[in-house]
Each structure stands twice: as C-alpha cells, then as structure tokens.
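As a starting point, one isolated chain is supplied in structure tokens, in the form predicted alone.
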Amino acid sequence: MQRLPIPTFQPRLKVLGREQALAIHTAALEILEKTGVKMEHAEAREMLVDAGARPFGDDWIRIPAWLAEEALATAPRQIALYDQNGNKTMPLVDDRFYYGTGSDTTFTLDLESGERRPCVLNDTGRFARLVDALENLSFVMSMSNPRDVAKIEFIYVYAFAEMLRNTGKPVVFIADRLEDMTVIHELAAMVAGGEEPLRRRPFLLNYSEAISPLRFPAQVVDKLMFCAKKEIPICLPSGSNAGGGAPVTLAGALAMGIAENLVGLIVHQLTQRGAPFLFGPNVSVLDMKSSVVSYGCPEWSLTQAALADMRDEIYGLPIWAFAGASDAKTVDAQAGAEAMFSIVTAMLARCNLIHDVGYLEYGSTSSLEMVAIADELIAMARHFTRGIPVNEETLALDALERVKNAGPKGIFLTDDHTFHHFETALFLPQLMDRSRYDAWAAEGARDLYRRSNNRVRDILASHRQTQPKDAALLESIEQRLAEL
C-alpha cells in the first residue's frame, strides 16, 4: 500500500504560554521606563538621552519602551558563525542548537593525576584540541584562567591565541577591557585574512556581562560598542540570579534579566543598527545554603526554556544558554545526572548557542573527561529529539514479510533492512558500556570516568586539525603577543 509522506514529529519543551511571555516582557519594559538603569558609560548615556531616554540621579537613566521595540526590530534574526576557514558551521536561527565549552575556570582536574589544580595555558590548548575532535561540540571557549601567562593583564589575549593554535572551530571569547578586545580582534583578522573578511564571515563571538541589578560599567559598554562597530557577534547576559542579583521568584528574575539584555541591545543597535546580538540573560539561583550560583539546579534549565519561549512568542532573536555542567566536585553520578538534565532540556527547548559544557564545582573547575562524557550525552539527546520517522521504509512491512517467509530461521538481525538502517535507526554509544559482565570485567572493569579519561588521552595524542594553520600565520600571532 502506497503511503503519503508523513512529517516526523520532533519532541519540544514549552514552559510559557503567550500570555505569560507577554506579562514578563511588559514587566521588563516597565523596569526600563520606571526603575531605570545605572549607565556608567558617558557616551552611551548621552546617546540614549539623545534617542529619548530620561536621565536622573547619579548616572541613572529611564528608557522608553519604544526604544526597546526599535532595537528588537533592527537586530538580525539570524547570526551566522563560521569556522576559521570561512565555512558556515553555526547558523544561529530558529530551532537550531549548538553546544560548546565554557570559560574562566580557576581549577581543572588533572588528566594524569585526577587531582584538582590551578589552570595553566596548556589546559586551554588541551580543551580546544579536544573540542576540535569531538563531533557534538561546535565551538570552543577557554575553559580556564591560566595563571602562567607572561602578562596577567592580557590573560584573555593569551587564552584566545592558544585556542587559535589548537582548533579551527568557532571561538567564543572573553575580554576584560577594550584593550584586550582590540588585540583579540587583530588576531582574529589575521586568521580571517583581514578585517573585512572577518566582518563578512565571523568565527568569533564575545561573551560579556552587565552587573545585576541594573548596572552597566563603562568598560562593559566599551566592549559592547566596539563589537557593534566591528560587527563582532556578542551576547551580554547579566547575573540576574534568583535570590542574589535578582528577585527570588523566577518570573521576577527573568523580567529583570531581560530588561538588562534589552538595555544592552538598545545601546548596541544605536551604535550600529543591524549588528549581530545574541539575546539571553543567565537566570540561575543563589543556593541558600552555600551562597553559590548553582549550575546543576533545575531552575536554570527552566528559565532558559522560558527564554526560548520568549524568543518564539515575541523576540525572534537567537538566544544564549547553558548545559552540560554540574555543581559536583568530581566526575561522579551527580555530575552525570545534572549534566544530562540540562543537555536534554536545552535541546528540547531548542536553545541556540549552549555553553558551559564540562563545568564542575559551579563553574570553578573544568574537566576534560566531563567534556568527553557530555559529548556523548549530547549525541544521546540529539537522537531522542529527532523523533521517530514514520514512512514506508521505517514501518518495515517488507522486512517482516521476508522474515516470516524464511520460517524458523527467519531473523531480523540478518535481514538487509537491518544492515541498511541500524546506523541511523539506533544510537550506538562510544563511552556508555553495554557489554556483558564477563567481557566488561575481562577488559579491566573500567567505569565511565576511566573510559572517558582513556578516550581523552587517545584524542590528545592522535588528533590533528583537518586544515592546520600555516607556520607564517602562527609566527605572526606570536609576534603580536610579543608586542604586548
């Protein structure tokens, strides 16, 4: 019997209806109009006043709702990120999602000893090389604050250069001030072949932060305006964490965080209309026992799913999110459970750029093994969210008929249908163990941590970039670092 094509239903997660989304958006606009924000950047403050904002107090300013609506109208609905060879690899739009690591950890779990120790520059390179080899991670961040750089005031420049040496994938980077940002832009232009090619095919995105509640320091706005002028994609989340930098209720924390994001977007679009801006506050919670911002809590997953609903219902802009992180201090059951929860929910909500994969200890410690495990967890979640294709081939009635006609010897394992489809129909793990007990014991009874440690060691020993940078380019990068 001939069947019409049947679209595959792909499972989705929604946590807000349109009425709720509009209420949060309206509250954010009310914060801008009535409460206002502290804008400590004189040029940006003057620009906002010229556009219709009202100053009051010491650097405080109230912003009319229509400025937010104008900025939302001019910001692009898609941000295209390229790899370092100029190939479009990350179109941030609609329901497309991409995972990558995080930045700025103080400690890492040593690959050889397993001990927690301070990060060094070589760790940044190792994480970049690992991500370069992993199929389910699309971009790299530094994963460390290396303590052994030549000039600590340029720590982010050294980290950026180390990522350039070790990966050809897109880079999400941090800069402490405008001077850092300028040098990082120079290095990126060297790789891209000039400032104009970099503008057309950006392979980098800046992560910067305002300070909750409602404060915009001058150096933060310096970086925001620089990115707008150079058309470097940027996200500007804030620390609107429930119970700490923001109200303890998630709706209130979302409203305040979105208001802060809207201020960043307004300044950004007034500086350069149409420049790429990735939307999204960080709305986690302040743990009331430990006073740390939790990376393993369900609330952060809930608020970023809500933000995806805000995108779909109102904003239309690609969004920033997190996943694959944990508050656990080592790679244990807690780490796996918390990482998988956030990975699945971020994917089901169809967040766009999803960072912090591989974090432990509420973002203080990084782990190469955790990154490798999360890569497999992302693959599992991706298999789930693809849904179940239903068509003439997948219903497999012909295969059933062949097996039936073969009599007692009929088995699907040897049928051609299984041979042609098992690699796409089934999830085939690399790290998760499905072997029989005797085989597992005979191979050393290795747990997931030891299997992931071995995999990371193998990758770091053997992986080479597909298109490594030439010696002249690497020498130019080294010369620029020597000038710092």
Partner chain sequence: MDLSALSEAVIQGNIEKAKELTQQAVDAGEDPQILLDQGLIMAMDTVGENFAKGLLFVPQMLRSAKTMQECLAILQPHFQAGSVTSKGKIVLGTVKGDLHDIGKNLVAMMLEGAGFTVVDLGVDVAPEAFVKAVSEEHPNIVGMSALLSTTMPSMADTVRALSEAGLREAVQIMIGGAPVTAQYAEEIGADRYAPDAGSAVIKAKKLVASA
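Numbering follows the first chain given and starts at 1. Everything numeric in this text was worked out from a predicted model, so none of it was measured.
There is also a form predicted together with the partner chain; it is not shown, and the following applies to it.
Interface residue among Asn405, Ser291, Thr414, Thr249, judged by heavy atoms within 4.5 Å of the partner chain in the model of the complex: Ser291. Only one of the listed residues (Leu178, Ile211, Ala396, Ile314) places a non-hydrogen atom within 4.5 angstroms of the partner chain in the model of the complex, and that residue is Ile211. The partner chain in the model of the complex is not approached by Ala379, whose heavy atoms all lie more than 4.5 angstroms from it.
At a distance threshold of 4.5 angstroms between non-hydrogen atoms, Gly245 is in contact with the partner chain in the model of the complex.
Using a 4.5 angstroms threshold between heavy atoms, Asn145 counts as touching the partner chain in the model of the complex.
Interface membership of Tyr82, defined by any non-hydrogen atom within 4.5 Å of the partner chain in the model of the complex, is ruled out. Contact with the partner chain in the model of the complex, judged as any non-hydrogen atom within 4.5 angstroms, is confined among 146 to 154, 340 to 348, 250 to 258, 386 to 394 to 146 to 154.
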